[in-house]
Structures are given as C-alpha cells and as structure tokens.
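Before any questions on binding or motion, here is one chain by itself as structure tokens, the form predicted on its own.
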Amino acid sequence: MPRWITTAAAITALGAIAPAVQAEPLKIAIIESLSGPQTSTGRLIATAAEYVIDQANTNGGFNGEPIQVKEYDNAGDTSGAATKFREAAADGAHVIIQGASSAIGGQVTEDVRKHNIRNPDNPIIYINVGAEAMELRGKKCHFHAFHFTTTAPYRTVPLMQVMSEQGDLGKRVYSINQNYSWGRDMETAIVDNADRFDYQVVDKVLHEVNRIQDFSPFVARIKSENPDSVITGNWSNDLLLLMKAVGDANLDVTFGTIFMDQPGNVANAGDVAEGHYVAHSSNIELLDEAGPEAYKKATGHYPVFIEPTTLNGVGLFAEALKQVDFDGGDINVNEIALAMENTTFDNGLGGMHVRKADHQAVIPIVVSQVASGVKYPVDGTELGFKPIKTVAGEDAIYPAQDSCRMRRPK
C-alpha cells in the first residue's frame, strides 16, 4: 500500500515552518488510472497535480504543515476506484483528485457524496480534472464536487463554430464516439447542433471502450459515407488507435476532436494529421514561456493534453487555500470548498472561476489546428497546435442543468 508522501520541497518547507505543536496536515488522495490502457492519461494527471502541490509546499504548505499526497491506482475501472476511495477515506483524505474517465468520475463523486452524508463533520472534496460527462454536473452534482474540465457541449459548439468559419466543417458530418456517458454526450451534442451549423449527420457510431485494437473497419465505414468532416470525443487508446488507422488508410478527411493533443495522436495520423482540429482549455502556444519551462524543468516535458487542465484546477484549489486559515487547528473542508467558490485563478488565458450553481469551472476554450511552423511541435514531428480562436468561458459555457439540486452545508 502506498504511503502519504511529503516531497523534497515539502521537507525543506517543514524545516522552515517548524510548528511548536504539530498541526493537522492536509491530505490529498490522487485516485487515478495508473495501470491498464488509460495509464498514459492517469499518469499525466498525477504528475501535474503533484507539481502544483509541490509548489504549494515550497511556499510553506498549509495549516503549518506540508500538504501530503498519496497515489491510489484504480486500475482504470469503477470497482477499483470504489475500493481505492474507501482506502483513501480510511487514511483520512480531505481531498480526492481524479480525471481519467467519466465512468470512474461518476463512481468517485457518488462515493464522496455518500461519505459526506454519513460523515457531515468529516467531509471530502472531489476535484474533477478530466471527467466530462454532463450528469456529473447534473443529477450527480453536489456541494463538495468541483469540475475543472468541460463537457461535450462546452467544447463541441466552439469547435464546430470555428470549423464552420474556416470552411472545414462541411455539410456531411460523421460522428464516432465511445459508448459510455461521455461518448453519448458527444453524440448528442453533434446531433443537436446540426441545424445550427447547417450539416447532416451522415452516420453515427458508438463503439466499445478500450477494447478495440484495430480501427480499420471503422475507418472503412467512415470512408464509405464520404463525409466532409468527422467529429469525435475519443481519447486514450481509442483515439491513438483510431488515428493510427486513419494514417494507415491515408484518410483525407478533416477531424474535429476534443483530445487530439494527447501525445502520440499526431504521429499516429502521420501526414493526414495536418488540418485536424482540437478544442482544448489551454494551448501552450498562447502562454508566457516561463510556466511551461518551469514545468519541463521539474517533470522533463512540457504540459500537454490533460496536464494544463489539471494544473489549472489544482492551481485554483491551491489559491483558495490562501483564503482560509485554521491556525494549526482542525481542517474545515467546508470552509475550503466555500473559498474555492470565491477564488479566481490566472490560467494565462484570462482567468477562471467556478460557477456556484453546479461548480462547473468557467474557462476559455481554445480551438486549434494541427499545423507546421509552431513554437512547440509535438510527437517528434514538425507539427503542433496552431491557435485559431479563443472563445471566452462566459460565451462557451452552457446553462446549469435543472437536474442539479445542490444542497449547501448549513
């Protein structure tokens, strides 16, 4: 079983803090997919979260103690996540960080909600940095859940708007997505916006998640429909292998994606990757270089894919900690959650904050296109992500769902 970790920076900070009486340390559990087919995503989330926590500890920790962090491997499935949540709660975690998979996010947020009902004096905060299913902000919303990533309509509308403005969306759109909550949300968003952007959905496919090793039959089916563009919310191995099949077939169709910036996708697609789109919540091309360079110095690579979202979400949490002071006493999780509602964080693209109605982060969406001539090429190629348009968070965000009936602590 892993142990609570205090990093080298934390140990240094501990010497500087030197409390007369040991205060209650803040404990953060990262429950992620650290083995199995989603490992590439889970490991990036853990790396980015620990980077922010390390910075917080360098600056003095919290409540007179270094912040403690511990990784729990959910092995990429909901039963594993449930088991690891119970372990984290038993270990005294105040905060859970998770992001890879909306299915796992649904399990974690429900486990947190039920724990908090049973333990109103010892609640836990859930920081979601990657699970994008609408239901997490709808019928499964609760006061202690904060969502620092987006949803299908949040990203899809700006994506289609820009593709349409650039003349790359076309009249014939193909939809291919993973068959679970997130993928079904994507398919709904694609179908619902057909009239708005004047296209026909020529075919829509929902496929198994993380079980398909060869996407060539799916690429052949796409080719047979002769679409102008393909819209997909696929991620992890399902996007990597889809892009490989697209490259192998030399399929010359513009893809509009949510996660094209995942490492490996551009290389897998090869020459046909140029011109594909991605709608993401950050783009390194737009940031002051100091932040990415510091991250690379600490981790060995620039922040990519899910890492900027994690840096921003955990960064807002760390900023909120500055708003509360327990003077070395017991940690009040509800006060931290309330501080998170009232914190604005500089994400390098105009700032972000949390909508109180459903705890959905209000963040800008950058729509970028795979192109050469960029400052930060990826995958050992000459291609990277050229920003085309940044849509303000207030313009991109969808209305809070009526199904979210959040009960606030008394």
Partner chain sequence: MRYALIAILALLALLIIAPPLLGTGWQYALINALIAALFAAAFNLLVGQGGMLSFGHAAYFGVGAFTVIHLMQSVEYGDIPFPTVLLPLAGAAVSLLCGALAGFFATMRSGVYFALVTLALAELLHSLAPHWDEMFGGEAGLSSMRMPSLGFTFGSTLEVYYLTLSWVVICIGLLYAYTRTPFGRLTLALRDNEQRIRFMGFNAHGTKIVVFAISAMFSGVAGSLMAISNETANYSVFSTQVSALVVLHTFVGGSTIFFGPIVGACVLSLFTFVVSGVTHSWMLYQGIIFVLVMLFAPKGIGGVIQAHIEQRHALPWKRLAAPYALATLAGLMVACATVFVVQSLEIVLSREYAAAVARTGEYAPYTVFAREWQVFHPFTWLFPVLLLVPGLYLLRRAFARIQTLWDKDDDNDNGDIPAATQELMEGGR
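What you see is a predicted model, and the numbers here were worked out from it, not measured in a lab. Positions refer to the first chain, counted from 1. Note that the rigid core is defined as the largest set of C-alphas that superpose within 1.5 Å between two forms.
There is also a form predicted in complex with the partner chain; it is not shown, and the following applies to it.
Comment: the partner chain is not present in this chain, but in the predicted complex one of Gly384, Gly348, Gly36, Gly64 has a heavy atom within 4.5 Å of it, namely Gly36. Listed residues His147, His144, Lys84, Arg155 were compared with the partner chain in the predicted complex; Lys84 is the one with a heavy atom within 4.5 Å.
Shown alone, this chain has one stretch from 121 to 129, 268 to 276, 196 to 204, 107 to 115 that lies within 4.5 Å of the partner chain in the predicted complex by heavy atoms: 107 to 115. In the predicted complex, no heavy atom of Val52 sits within 4.5 Å of the partner chain. Residue contact check for Leu44: one or more of its heavy atoms lie within 4.5 Å of the partner chain in the predicted complex. In the predicted complex, none of the heavy atoms of Ser236 sits within 4.5 Å of a heavy atom of the partner chain.
Not displayed here, the partner chain is kept clear of Arg221 by more than 4.5 Å at the level of heavy atoms in the predicted complex. By the 4.5 Å heavy atom rule, the three marked residues Asp192, Glu319 and Lys389 all fail to count as contacting the partner chain in the predicted complex. Residues Asn179, Tyr180, Ser181, Arg184 are the ones in 163 to 191 with at least one heavy atom within 4.5 Å of the partner chain in the predicted complex, listed in sequence order.
Annotation: Cα of Thr78 displaced by less than 2 Å between the shown form and the other one, core superposition.
Annotation: Cα of Ala103 displaced by less than 2 Å between the shown form and the other one, core superposition.
Once the rigid core is used as the reference frame, the Cα position of Ala298 differs between the shown form and the other one by less than 2 Å.
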